[in-house]
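In what follows, one protein chain appears twice in different forms, each by itself as structure tokens: structure 1 and structure 2.
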Structure 1
């Protein structure tokens, strides 16, 4: 009887292992298909950028280009000034990320680590900024920028981008700071650190995962923003990539392959930023999940 039971147990274990293997294979197939679906738009855009209008509108929209036209990239860079627009977007986005991280982290430190009466009220007022739609602030901001002579400058974009990025950033930093033990502040104070040294030397280095998360969110919102950019900037030296690529649409003839090349160039920095900061973002998500 014992031998029969052991054999039946072995058969059951083998059956479970076999079902687990089948489940893993099905899961891998599903995840692979999902990854292909997510990556395909980028692949399609790259293939699209090597075609001309005849090939695009001639029925070969999704297939491989018959002729790989590198001239589309040359035209986008030399004639359409995509590199100039790329430089402008880098300047505006980098400045916005810097100001958002510094201002939001300092505000979150004051709200989450310091004790004062209006800390919760201040946090609520800042968080309410997430409910303000960008279109509602367009006209008032335009009037303010015009009165301050900031139109057609980088500051016309950096200031609004920073203001709209602060509510989300402060919320992320405050929630992350709550997971940091307050004993660190007390130990630093005993060692002779003042409030500014505690923020800069103790808290700020521990915020790296949250900083990466805020940086990616701010980058995406600033890099792809069009409404403010097209309203506040109409001079070529200050146009950002979304406005510059939109200006590539001709009045009578539009070279869609060159526009595709410009979009590919605009997409490369986004991919690079995500690859550089994805690990920190995952750490931030894991930390938030553990805390929750």
Structure 2
């Protein structure tokens, strides 16, 4: 009796295992198919960035290029100045990240670690800024910057990007500071540190993980920002990638290869940064989302 039971159990278990394995294969195919949907447009972009119109319009829309035309890239760099836009984006984004981290960490230090009456009110007011759509600021900033002759300068983007990056950054820093023991400040004060030294020498180094989070979050939002950029910048030497690409598309209209090359040059740096730091990037996005 026992033998029969255990055998039927065995068969049962094997059947179950079998089902699980098939289930896993189906699941893998499903996940891979969706991965293809997410990634294929990018692959297709890279492929057509090496083709010329005769090839694309001659029927080879989706396949590998017959000749790998690096000349498209030469043209995107030489004539369409994509590298200039890339440089401008780097300048604007780096400056924004620097100012956001500096200002937000200072404000968060005062809010999270120092004792004053309006600390909580200030925090709530700053955090409310996360709910304000940038639309509200577009026209007023345009008019003010026009009057101050700031249009078509890097400051026209760095200032608003910094301002709109501050609310999330402050709240990420404040909640991180709560996890740093307060005894540290006391010990530092006893050692003879003044308040500025406590910020700079004790707290700032400990904030490093939060700084990485804020840096990545700010990078993604300012690198890709379009509305302010197309409004405040229309002179070539100051165009960032999104604006530059928009005008490149306007002049190249039907030259798919060159446009594709421009798009690839604009995309590859972000993809590389992302692939190198993917876990950190994903963590930053989650932190930013949960704060928002």
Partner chain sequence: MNTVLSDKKAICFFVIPTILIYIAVIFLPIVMSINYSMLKWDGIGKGTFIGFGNYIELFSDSRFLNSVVHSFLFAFVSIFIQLPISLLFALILANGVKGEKFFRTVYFIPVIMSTVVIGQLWSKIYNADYGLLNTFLKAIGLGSLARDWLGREDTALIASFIPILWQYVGYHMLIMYSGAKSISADIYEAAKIDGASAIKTAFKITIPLMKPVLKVSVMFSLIGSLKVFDLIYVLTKGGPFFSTEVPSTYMYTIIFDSYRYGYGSAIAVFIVVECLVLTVLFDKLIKV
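Residue numbers count along the first chain shown, from 1. In this text, all values refer to a predicted model and were calculated from it rather than measured experimentally. Rigid core here is just the name for the largest C-alpha set that superposes within 1.5 Å across the two forms.
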query	finding
Structure number of the form predicted together with its partner chain	2
Displaced residue check between structure 1 and structure 2: residue 65, CA, 2 Å or over, core reference	yes
Rigid core superposition, residue 239 Cα moves 2 angstroms or more between structure 1 and structure 2	no
Residue 48 C-alpha moves between structure 1 and structure 2 by 2 Å or more, core aligned	yes
Residue 31 CA shift between structure 1 and structure 2 in angstrom, with the core used for superposition	7.2
Per-residue Cα shift, residue 271, between structure 1 and structure 2 [Å; core superposed]	3.3
